[in-house]
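As a starting point, one isolated chain is supplied in structure tokens, in the form predicted on its own.
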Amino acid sequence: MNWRDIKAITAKSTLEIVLVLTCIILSVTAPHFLSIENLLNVLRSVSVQGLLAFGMTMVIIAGEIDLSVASSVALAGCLVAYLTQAGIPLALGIPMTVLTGASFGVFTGVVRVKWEVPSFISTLALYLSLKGLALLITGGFPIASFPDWYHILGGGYVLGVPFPALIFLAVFAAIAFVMKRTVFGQAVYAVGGNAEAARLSGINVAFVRIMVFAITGALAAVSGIMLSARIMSGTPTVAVGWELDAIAAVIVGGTSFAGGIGTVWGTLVGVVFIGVIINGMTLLDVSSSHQFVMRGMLIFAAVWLNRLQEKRK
């Protein structure tokens, strides 16, 4: 292997290298960072939020944006709690909640393709509406109506691995397969790269846009269900700012905000990177205000590096 090969590998794996170096630094400076308990806690946290990032990856590659996912998370937790309180079995309430999340995504997609309303505007409006709806069905207070076993979905373990992490990895594998190995996945890239060229080549642009929003809405609902299982209540005030964390993970992972470029693997690394940074700063007792500053600087640096790599290519 010559120097040119090493440079090529390094250019393709910049974030992975930074992640490894960050873990090494935190293992020395942050107490208990490498403890099994802390690593499992990081894995559980990134798993719940990571589902949003996977859906957001598809949306951004398609040239769109979804600002409603955090409110959808909160609403999903409240809705499944409300249905349980009303006597509906969780075996029915959970799929109903997931379908509801998907339906909100379909609504966003239809508004986008039928009336050509920019997704930034429609999802911002939906963000506010879903937040208000979560407050309405709960009366502004948490609903604690779940049976004890429900906690497994958010805080349980399977063979020592957090249950949310298994869902996270399964969704990662499924989305990665769809985006890389299926006609639909290639259509998402084509629509994000040039929607008009995709239409002229026979791709159903409207269907692609509606589907990426539907998938993202469904994943947000699943995330909300797992979060409600972790805290054992439907709480309308959870997941504040998660939509920005999801977008940050996607962009840090190398997905172009202009659409048409990106990988699910990059998003996975971006999710873990941000989760490790947040966990490390918490262990180092960094104040919340300083955490926001550091996260912003890191995101800016990652985007800058990605832009440099794109120009080189």
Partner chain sequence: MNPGSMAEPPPLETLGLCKQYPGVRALKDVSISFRAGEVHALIGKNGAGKSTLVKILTGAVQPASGTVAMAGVPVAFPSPRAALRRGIAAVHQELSLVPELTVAENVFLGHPPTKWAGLAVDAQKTTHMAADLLAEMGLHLSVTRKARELGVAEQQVVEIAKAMSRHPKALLLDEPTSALAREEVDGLFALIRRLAGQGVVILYITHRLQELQQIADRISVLRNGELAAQFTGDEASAERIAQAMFGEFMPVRVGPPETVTDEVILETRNLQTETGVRDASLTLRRGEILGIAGLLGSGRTELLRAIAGVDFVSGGDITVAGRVIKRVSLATMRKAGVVLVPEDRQAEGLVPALSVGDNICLASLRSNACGGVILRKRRAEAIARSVRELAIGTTDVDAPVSSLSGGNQQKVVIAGRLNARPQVVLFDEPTRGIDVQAKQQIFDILRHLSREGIGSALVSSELEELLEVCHRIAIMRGGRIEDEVIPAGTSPRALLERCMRIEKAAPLGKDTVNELA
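Positions refer to the first chain, counted from 1. Remember, it's a predicted structure, so these values are computed and weren't measured experimentally.
Beyond the structure shown, there is the form predicted in complex with the partner chain, which is absent from this document and is the topic of what follows.
Heavy atoms of residue 26 never reach within 4.5 Å of the partner chain in the predicted bound form, leaving it off the interface. Mapping the unseen interface onto this chain, residue 189 counts among the residues with a heavy atom inside 4.5 Å of the partner chain in the predicted bound form. Though the partner is left out of this view, residue 114 does not reach within 4.5 Å of the partner chain in the predicted bound form, counting heavy atoms only. When contacts are judged by a 4.5 Å heavy atom cut-off, residue 211 does not count as touching the partner chain in the predicted bound form. Distance criterion of 4.5 Å from any heavy atom to the partner chain in the predicted bound form singles out 204 from the list 129, 237, 145, 204.
The contact with the partner chain in the predicted bound form, taken as any heavy atom within 4.5 Å, belongs to 200 out of 200, 86, 158, 170. For the three residues 288, 294 and 304, a heavy atom within 4.5 Å of the partner chain turns up in the predicted bound form in no case. Proximity to the partner chain in the predicted bound form, taken as heavy atoms within 4.5 Å, picks out 258-266 from the listed stretches 258-266, 55-63, 274-282, 32-40.
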